[in-house]
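Take a look at this one chain, the form predicted on its own, written out in structure tokens.
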């Protein structure tokens, strides 16, 4: 086993079958934004079961995500998803709120639970509540700086997962604003949210995926990986739910190589890697909020602050 985990996310069987998953140690299965997303694993439990078997059969860990903003009407389906995850031996379930975490712990106690980024973990106290409730891993809120995340990890002992590349989740709504444009654009649901749709003004941009809003720029922590490694982080996520299979494969391969180098004490970043990163980043790169600056800014490694 490598001394780190690089994982990514996949919504449905089509994307699973068309993606080269060689760079990854683990996959999160399912789309957490919308029940109507095309062939969402979270609504097709037979295909979810098949996917878990396929991922584990390929020697990777299979995680099952759950909805980021579930309503009471979602809970029966979430229970069916958890039942399949437990029966098929999924390695963990990702919960984004206390209710789903409680269902996991009381009804499927054998399933490890990871707490996802939509749970809004901002403080040590909040993290302790989740750990005391059975969470095994936490993704802090994406607005936290690396300095704040480091304090949270040290003060709680929590295993922290960091988003190191891809579009950063910024928000979620129960209403899909894109539906208002179905007739005007001639693109129906569920194809509508799979278009590359950006809200732009000057250099500012956000990407809409229907009920979810993502950063327009890609978070990129490639040249900061040696510092993250030195700080003790070992679990890294490349978000690719709204991307094409080539993005998942090629950007993942760059991060796989870079993490392997960081683990060996290296810190080289060949230009060929940057060419791949730039080719797949339509709007540009940023570091999110990791360095205490605007989520749109990109801070190169030589200017790191607050890490």
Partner chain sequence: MPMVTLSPPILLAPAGSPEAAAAALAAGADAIYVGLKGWSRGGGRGELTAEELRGVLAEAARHRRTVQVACNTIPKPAERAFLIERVAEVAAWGVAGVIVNDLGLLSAIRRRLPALPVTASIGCGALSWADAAFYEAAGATCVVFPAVLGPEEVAVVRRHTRLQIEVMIHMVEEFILLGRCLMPSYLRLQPRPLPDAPGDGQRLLGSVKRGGAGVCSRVCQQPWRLEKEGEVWGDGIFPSRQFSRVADLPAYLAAGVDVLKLQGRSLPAEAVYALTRRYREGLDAALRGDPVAAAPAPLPAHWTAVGR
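Remember, predicted model here, so these are calculated numbers, not experimental data. Residue numbers count along the first chain shown, from 1.
Here the subject shifts to the form predicted together with the partner chain, a form of this protein not shown in this document.
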query	finding
4.5 Å heavy atom contact, residue 210 to the partner chain in the predicted complex	yes
is_contact(residue 199, the partner chain) in the predicted complex, heavy atom dist at most 4.5 Å	yes
Residue 102, heavy atom within 4.5 angstroms of the partner chain in the predicted complex	yes
The partner chain contact at residue 18 in the predicted complex, heavy atom, 4.5 Å	no
One residue of 124, 182, 91, 159 in contact with the partner chain, assessed in the predicted complex (non-hydrogen atom, 4.5 angstroms)	124
Joint contact, 154, 228 and 243 to the partner chain in the predicted complex, by non-hydrogen atom at 4.5 Å	no
Stretch in contact, per heavy atom within 4.5 angstroms of the partner chain in the predicted complex, of 66-74, 52-60, 265-273, 34-42	66-74
Contacts with the partner chain in the predicted complex - residues in 160-177 whose heavy atoms fall within 4.5 Å	168, 169, 170, 171, 172, 173, 174, 175, 177
